[in-house]
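Given next, in structure tokens, is a single chain: the form predicted alone.
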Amino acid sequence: MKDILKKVTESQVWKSVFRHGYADETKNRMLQIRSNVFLHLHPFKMPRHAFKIRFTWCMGGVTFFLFLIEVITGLLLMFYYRPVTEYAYLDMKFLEFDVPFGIILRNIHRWGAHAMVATVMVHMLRVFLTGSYKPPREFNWVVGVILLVLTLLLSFTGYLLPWDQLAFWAITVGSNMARATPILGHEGPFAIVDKYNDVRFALLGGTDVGASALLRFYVLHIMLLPLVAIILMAVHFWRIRKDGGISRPL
């Protein structure tokens, strides 16, 4: 077994993936992490304070963990869901009452989404209270605020997908608020567009919540918003490292 492992680790394919060995030296550990796209997000050493729960509350890590749960359960839910008005509600009922453990799968996704909104807000509160937004971390604070907005948008777009009465009227009220958007909403201040060209029309794909809105919300929920969130989370983690790791207590 050792001979097989040695042949694998000394092969050209292995060396093309891992450019540095594993000798227990500070310099080598640093080079190994910097040369790997997955490992470079994490520092090769951590300050003692970064492990204290009473300082970080672990909310950033918990939020990321919940995001992974949402991705996994969301991918599984896609096997049973069709984003068309004729089948969306029926698919949800089929998932709940006919698919084995389907109701558990849906509820994990649903409550995980609620928990993610809560934890990201607590994380932002912790960052604010500990002054972790101050120089040189201003840029990462802005990235975090954008991630907060994306989290709320993910929750908002996913709300319509069950296509029940609660979802329909909640999105109706929520999208009507977009009409008051300054400049881009036809009822907002300084409006330069009509109701057929404003931000609400672009969001719903029409003037009412219908089939076009369901499809657009589905695409936003499973593709565009998660992709942007993943990219910004990678930037967020990378900037934490580049800014000296988790901020020190004030």
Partner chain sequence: MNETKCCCDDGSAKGISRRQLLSLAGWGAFFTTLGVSLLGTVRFLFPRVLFEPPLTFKIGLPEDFKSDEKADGHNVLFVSEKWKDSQRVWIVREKDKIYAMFTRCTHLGCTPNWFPEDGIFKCPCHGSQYYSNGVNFAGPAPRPLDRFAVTISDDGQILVDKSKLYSIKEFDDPNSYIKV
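Numbering follows the first chain given and starts at 1. Because the structure is predicted, anything quoted here is derived from the model rather than measured.
What follows is about the form predicted in complex with the partner chain, which we do not show.
**Student:** Identify, from the list Ala178, Val99, Leu150, Val127, the residue with a heavy atom within 4.5 Å of the partner chain in the predicted bound form.
**Tutor:** After the contact test, the surviving option is Val99.
**Student:** Only one of Phe94, Trp111, Trp169, Phe139 comes within 4.5 Å of the partner chain in the predicted bound form by heavy atoms, so just point that one out.
**Tutor:** Here the answer is residue option Phe94.
**Student:** Is it the case that Tyr80, even though its partner is missing from this view, gets within 4.5 Å of the partner chain in the predicted bound form, heavy atoms only?
**Tutor:** Yes.
**Student:** Can Ala88 be called a contact residue for the partner chain in the predicted bound form at 4.5 Å between heavy atoms?
**Tutor:** Contact check for Ala88: no, nothing within 4.5 Å of the partner chain in the predicted bound form.
**Student:** Looking in the predicted bound form, any heavy atom of Leu105 within 4.5 Å of the partner chain?
**Tutor:** Yes - in the predicted bound form, heavy atoms of Leu105 and the partner chain come within 4.5 Å of each other.
**Student:** Even though the partner isn't displayed, in the predicted bound form is Leu76 close enough to the partner chain, meaning a heavy atom within 4.5 Å?
**Tutor:** The answer is yes: Leu76 has a heavy atom within 4.5 Å of the partner chain.
**Student:** Can you tell me which residues in 183 to 221 come within 4.5 angstroms of the partner chain in the predicted bound form, by heavy atoms?
**Tutor:** Contacts from 183 to 221: none.
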